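One chain comes next, on its own, written out as structure tokens in the form predicted alone.
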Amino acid sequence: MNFIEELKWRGLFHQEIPGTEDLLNKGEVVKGYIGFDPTAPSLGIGNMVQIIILKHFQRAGHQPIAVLGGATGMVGDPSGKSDERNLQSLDQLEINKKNVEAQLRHFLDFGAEKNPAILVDNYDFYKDMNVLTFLRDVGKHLTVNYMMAKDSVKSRMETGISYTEFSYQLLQAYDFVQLYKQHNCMLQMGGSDQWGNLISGVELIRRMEGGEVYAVTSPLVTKTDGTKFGKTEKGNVFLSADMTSPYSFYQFWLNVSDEDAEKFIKIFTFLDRPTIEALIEEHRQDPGRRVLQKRLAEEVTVMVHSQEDLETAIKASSILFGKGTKETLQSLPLRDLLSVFEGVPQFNIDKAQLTDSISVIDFLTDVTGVFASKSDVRRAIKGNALSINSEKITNDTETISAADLINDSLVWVQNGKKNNYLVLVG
């Protein structure tokens, strides 16, 4: 597999230092790296682009190095930022590091026979170095003028940039020096906004070690409607199931536009070119079936979570479309149920109020306040519009108790097809 050609047809190639493709096509295993700063408790789907590039690199027969930014995460990368980052506490950074490391190990093959992935924490490069040594031995090699010419710094000159963030470029460059010396790493990869940092690393190796190394970047992923990729109205889409439920994760991909689906299925899946081109053609013949979105959502959800999580997400997706049964509801994890009902009006009651069976009418009025009056409940029952936990209420003598709770903690109330309510029982 030609790594650069693979990136190009998938829309993952932006720029390279001349000679990069020749290096990769010599038939030798090349070591290349991408850095991941632990600035949050989980990586987001924006980070997936770089993870996938490392996977393609490994699939092409080369050896990927994932660099965990234990040091650079303390400083904050100014690239693509208009304001100074808020620095995280050291304790939080340690938590973030453990989570990010686990995610990287999930995606990359560290047990491959010929080209196993390598994980490096760049904190190890600096933990025994004092600031004077760094300034003398490293900082001496790049001028301020050289560093200020890079976009990540130049774009911040009007709004201001601290010395801390200004130094990030030098730290990332020195990471490359250490990887070159310790692992014979010849290539650094990253997003197009990282080009200046990558070039600084190439230049620092030339000046400090007399070595020739290479760099390649990928374009920043954007959505066709102009909104930022990886964010929804609810916030960032994370790879952690605790921060973005598998249901919400699945729904994100399922709801992308037709144009984005054609682009994303190349970027975020490992389906081969004939399969993707056939899917695109099938989708164009009948866009209403949303063939692309469904396959994209399935592939990415299984890759990030699991086949079981995908099946649970599909099951959860059926609930609000009238296909959910009480058994379905009981089988779903609470996090997925709450994701399904996000935005639905919610009412909170104490579990003690359900120790004995009470009439559905009293439950929906006096206990919860879901309905304004008992006559409103009776009208809904008479009109065959009222359901509790996906089961129709057919007469006004029916009762409800703690035994009817879903996940021992909630009740789903429907009044017709469009009016949904959730009663949370604590």
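Position 1 is the first residue in the sequence shown; the rest follow in order. In this text, the rigid core denotes the largest set of C-alpha atoms whose superposition between the two forms falls within 1.5 Å. Quick caveat, the model's predicted, so the values are computed rather than measured.
Although it is not shown, the form predicted in complex with the RNA is what the next lines describe.
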property	result
Residue among Gln251, Ser155, Ser240, Ser167 with a heavy atom within 4.5 Å of the RNA in the model of the complex	Gln251
Listed residue (Val370, Ala60, Val49, Ala385) with a non-hydrogen atom within 4.5 angstroms of the RNA in the model of the complex	Ala385
Asn2, Thr159 and Ser218 all contacting the RNA in the model of the complex, non-hydrogen atom within 4.5 Å	no
Distance check, Gly416 to the RNA in the model of the complex, heavy atom within 4.5 Å	yes
Partner contact for Pro287 in the model of the complex: the RNA, 4.5 angstroms, heavy atom	yes
is_contact(Ser317, the RNA) in the model of the complex, heavy atom dist at most 4.5 Å	yes
4.5 Å heavy atom contact, Asn255 and the RNA in the model of the complex	yes
Stretch in contact, per heavy atom within 4.5 angstroms of the RNA in the model of the complex, of 25-33, 50-58, 65-73, 376-384	376-384
Shift of Ala380 between this form and the one not shown at or above 2 Å (CA, core fit)	yes
Core-aligned C-alpha movement of Gly416 between this form and the one not shown reaching 2 Å	yes
Threshold 2 Å Cα movement between this form and the one not shown for Leu54, core superposed	no
